[in-house]
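This document starts with one chain, in the form predicted on its own, laid out as structure tokens.
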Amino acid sequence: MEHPLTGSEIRFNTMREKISLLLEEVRTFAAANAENLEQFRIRFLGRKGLLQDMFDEFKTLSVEQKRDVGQLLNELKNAAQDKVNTLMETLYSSNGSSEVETDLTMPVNFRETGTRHPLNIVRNEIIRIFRRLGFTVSEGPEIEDDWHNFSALNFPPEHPARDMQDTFFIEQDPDIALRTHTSSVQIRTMETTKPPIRSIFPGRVYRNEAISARAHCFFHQVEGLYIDKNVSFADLKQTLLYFAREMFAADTQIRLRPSYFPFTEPSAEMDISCNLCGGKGCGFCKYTGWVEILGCGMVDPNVLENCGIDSKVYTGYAFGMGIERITNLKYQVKDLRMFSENDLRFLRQFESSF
């Protein structure tokens, strides 16, 4: 005569059968999307899920029954966790899609993209123009020594640019500073390259100035250098006229005004006819019809000699412009701080500029 099953035995057999059915369900489960997978995870592995309920019921079994059922419960838990991990990798594949890619007719899920910075747009255009004239592109360090940043460029010891108000010096070594212009790269190029030299030098520079709508403690320059035999001021003028008409408009006019820079002699500042009013006069050009865009001149013989170039054989010209200045002329950006704030609302205005 068979003995009737006790309550503990009935619970034991019921749990074994339930675990077996749940294992089969886990093994055959396939998620259609991320939402289905999350529902599956919560149902099995959540704080109020099936496994938690079964572990609560597991506490009522005898010691011998717990040994048998415990192994099955752990097998079920591991199978459910492995299934979630596997499907997660499938759903969130390398292309970032959160859907199972079984329907090839589904539209592509494009992510929002950024845009180029206006300073980079203008910088690249400046480089393209001068490359058409045969200029190469050279770059150098932003942390410079006194020789390359000042002395080799003919700056006398008492020159105001050496003052702490204009230059960021390294506190531990006053001979080292953040470069105040990319002219330092001109010196490095002349020290290591034999003429002829025809190169431009784009880069970031630093000045110890208060940040405002019209000034910043860092900005960007492109400088140029041409060293060869019989280079004249007329060569400089024609080069800059070509640049102005390529960058702004074919009818752009230029004028050169006498100026002073320690590293060029003679020196000049170049204006272009205002591209907003066509030279008639407006608020932007202060009703003069002209806007200053760069400084230039013939390389001082002392600078050539400092770099080991015979000034009796070679001559050359140099020029330098602020990229922010050129960008303002092209796009009428009134606040320099906007260039360094990375505000996407501002940057997206230039998406059609390249």
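In this text, residue numbers run from 1 along the sequence as written. Keep in mind that what you see is a predicted model, and the values were worked out from it rather than measured.
As for the form predicted in complex with a small molecule, it is not shown, yet the points below apply to it.
Screening R245, R198, K237, R207 for any heavy atom within 4.5 Å of the small molecule in the predicted bound form leaves a single hit, R207. When you look in the predicted bound form, the only residue of C296, I323, L37, V291 with a non-hydrogen atom within 4.5 Å of the small molecule is C296.
Residue heavy atoms within 4.5 Å of the small molecule in the predicted bound form occur in exactly one stretch of 248-256, 262-270, 171-179, 116-124, and that stretch is 262-270. Contact annotation for E223: at least one heavy atom lies within 4.5 Å of the small molecule in the predicted bound form.
With a 4.5 Å cutoff on heavy atoms, F319 counts as touching the small molecule in the predicted bound form.
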